[in-house]
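For reference, the chain that follows is the form predicted alone, supplied as structure tokens.
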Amino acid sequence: MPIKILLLENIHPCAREALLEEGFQIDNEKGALSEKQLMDLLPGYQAVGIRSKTQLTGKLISGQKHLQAIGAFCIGTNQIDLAEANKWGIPVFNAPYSNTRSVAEMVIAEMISLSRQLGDANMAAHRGEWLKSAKGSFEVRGKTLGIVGYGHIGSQVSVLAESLGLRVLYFDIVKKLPLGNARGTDSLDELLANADFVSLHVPETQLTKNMIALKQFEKMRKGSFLINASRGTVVDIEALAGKLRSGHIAGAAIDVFPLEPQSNEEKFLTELQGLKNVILTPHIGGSTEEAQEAIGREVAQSLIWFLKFGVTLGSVNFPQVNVPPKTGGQRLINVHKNVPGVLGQLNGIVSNAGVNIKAQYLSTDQHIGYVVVDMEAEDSTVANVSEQVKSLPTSIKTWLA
């Protein structure tokens, strides 16, 4: 029977095409589905592909014995219970690099737009008002950009900003090699006090929740700007609104919010609406044709490598194993509890069946072990070995690839 994959939320068509070419059966849904809908649907699929709106909760993942893989066609994986997926032997693959350039370009565009108050001038012109004035408008050349989080996107923003003549400071809790003339700061406070623009590029964690709140806004320069294209929980929106009204913060560009609509039909509300020199965008930092196609190709390829060969490289919640395509014989894949003696039991079953092992690959994490075994034997013999391995009390999931 062909492997069945469910793709949700208008994933780029290139992903479907790539998966179809490998012989998988693909079903599409345009939008996100509810937990109840997915509870009914998922048992019929071996893999599911989602974007940021679908919530794959622990309750939903628990007991999904037939589900072999999850593809997150986006950067973040906060919408997926990674620990529960690990527990049930389900690797999660995402696309950590594919939208880097798209987000970086938008940040640069927003920085210039805030500095020139283009959003307000544009809306005034649409209303028939002619606001020709240089007051409060500045070039970005010679200004200082502070980047919080110097990862793939933050460092790309750094390179683009320098090419425009900005000085670049950055702060990251992990030691990072500076690109160009960028300079790291010893603390977030140091960066905030010295930057004309602050751009956030951090993940959503307990450490980053409300990391830019009233205390941090007060440390920022009067007349400085904030840009957030990372995660909605990173900024205290109420505190930002207050500082914008007081004029301490001269403008902000916000692409992500603590609460976001689940669809384009749902009403969007935020305290930032109607405030001067504030650019609000609907989480579109990575929403370019180029980025969505690259994400589609990257995650689809990860799913193909895993479902066909057992490769787990790039999974965010799984032991990392890189294996070559099999050349004849049969490939047994087993996910098991990480306890002593499992490999001995598995090899004992193989040995007792008189099967020759061509190659074996093993990796573990704190909770599970992942082993790929290439064998030379008759199909019926390998099928019997697979059933015996599956019946081991330590086995979580076993299949032949």
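Only a predicted model underlies this, so the values are computations on that prediction, with no experimental measurement involved. Residue numbers run from 1 along the displayed sequence.
As for the form predicted in complex with a small molecule, it is not shown, yet the points below apply to it.
- A residue is said to contact a partner when one of its heavy atoms sits within 4.5 Å of a partner heavy atom; Ile249 fails this definition for the small molecule in the predicted bound form, lying far away.
- Mapping the unseen interface onto this chain, Glu162 falls outside it, with no heavy atom inside 4.5 Å of the small molecule in the predicted bound form.
- The shortest heavy atom separation between Phe257 and the small molecule in the predicted bound form exceeds 4.5 Å.
- The small molecule in the predicted bound form is approached by Arg231, whose closest heavy atom lies within 4.5 angstroms of it.
- This chain is displayed without the small molecule, yet in the predicted bound form the stretch 169 to 177 from 320 to 328, 124 to 132, 169 to 177, 293 to 301 comes within 4.5 Å of it by heavy atoms.
- Taking the partner from elsewhere, every residue among Tyr150, Ile153 and Gly286 has a non-hydrogen atom within 4.5 angstroms of the small molecule in the predicted bound form.
- Contact with the small molecule in the predicted bound form, defined as a heavy atom within 4.5 Å, holds for exactly one of Trp305, Trp88, Phe138, Tyr97, namely Tyr97.
- Residue in contact with the small molecule in the predicted bound form (any heavy atom within 4.5 Å), chosen from Ser224, Ser315, Thr208, Gln117: Thr208.
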